[in-house]
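Just one chain follows, in the form predicted on its own, and it is written as structure tokens.
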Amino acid sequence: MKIPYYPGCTLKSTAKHFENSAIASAKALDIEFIELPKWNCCGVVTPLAEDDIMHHVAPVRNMIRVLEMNKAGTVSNEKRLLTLCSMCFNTLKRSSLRVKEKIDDLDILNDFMYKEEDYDGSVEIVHFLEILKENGFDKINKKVKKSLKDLKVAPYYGCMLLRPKDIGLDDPERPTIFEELLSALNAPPVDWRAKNKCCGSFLTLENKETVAKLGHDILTNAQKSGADMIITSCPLCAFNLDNRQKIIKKIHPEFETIPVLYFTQLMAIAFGLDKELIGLDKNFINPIPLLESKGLL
């Protein structure tokens, strides 16, 4: 399978280990990411004002690139655009649905981007998790070389994968797709209360203490539920739950740190891929001692 791939900004910088582990894990499953040419930032958040059309320009421009890839033969009749970052997924999908539902808005955007090929609303935004499920979790299980049976993993969804309901890839209250993936990797998924609780998002820029409080609640709930580590697919959630543990420790000296990994890093570990591709040295809370204690490294 060859599929157009939108990396977004963070996966080319602080979350490079997310991208590397995802591309390598996908390759092991015979899925090839074909990166969009000339992609641009999605805008990170979708406009909330109903009459704000211009903030849909950036997402739609990336969808035009998919049409160009099909026309050039880079991909063959593949109108899906794959994302890894939860926030990019949410932003792109909202714009995609907006222009499909409101043709007048699409006409305005096409008129504004008069130097671009007209967008026809045909591109579907998908997350890597959806592609994995479609491809078959049984195929993932067959690729497992290192059993994760002794590793208790808490899947963290956060907000952007699940809300609003018409955008989310799973039930916003009772999601299961992460649990299905973990089961395929032979990792016992932890059932916990805070898996879809907000981490504080961009409050981390101006109110670190509030984010630290939210993070403390989420992380301690995972620990009390028996988790050895947490996985996520959102770079901002990863920052708030991983890097912000330094602040949490200052506020709560009794707090014990817990590793936070991207789900693709865990896939790469289970598949026995090269350590350089997994990028564990890029995680703030070092997961290596835990993984070594479980015989996974």
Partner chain sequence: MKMKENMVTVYIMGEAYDVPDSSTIITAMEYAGFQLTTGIGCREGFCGACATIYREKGDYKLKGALACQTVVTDGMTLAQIPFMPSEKPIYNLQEITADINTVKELFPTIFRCVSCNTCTKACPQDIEVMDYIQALKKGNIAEAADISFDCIRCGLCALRCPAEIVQYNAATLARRLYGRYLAKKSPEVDESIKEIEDGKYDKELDDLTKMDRKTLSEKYYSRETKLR
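Here the structure is a predicted model, which means the values were calculated and not measured. Positions refer to the first chain, counted from 1.
Another form, the form predicted in complex with its partner chain, is not on view; read the next lines as being about it.
Checking Asp120, Glu116, Glu179, Asp217 against its partner chain in the predicted complex, a heavy atom within 4.5 Å turns up for just one residue: Glu116. Contact with its partner chain in the predicted complex, judged by any heavy atom within 4.5 Å, is made by just one of Ala28, Ile247, Leu67, Ala58: Ala58.
For Met54, a non-hydrogen atom is located within 4.5 Å of its partner chain in the predicted complex, even though that partner is not displayed.
Taking the partner from elsewhere, Phe255 is found to have every heavy atom lying beyond 4.5 Å of its partner chain in the predicted complex. Contact check for Cys9: a heavy atom falls within 4.5 Å of its partner chain in the predicted complex. A residue is said to contact a partner when one of its heavy atoms sits within 4.5 Å of a partner heavy atom; Phe112 meets this definition for its partner chain in the predicted complex. Just one listed stretch, out of 33-41, 247-255, 224-232, 266-274, contacts its partner chain in the predicted complex at the 4.5 Å heavy atom level, and that stretch is 33-41.
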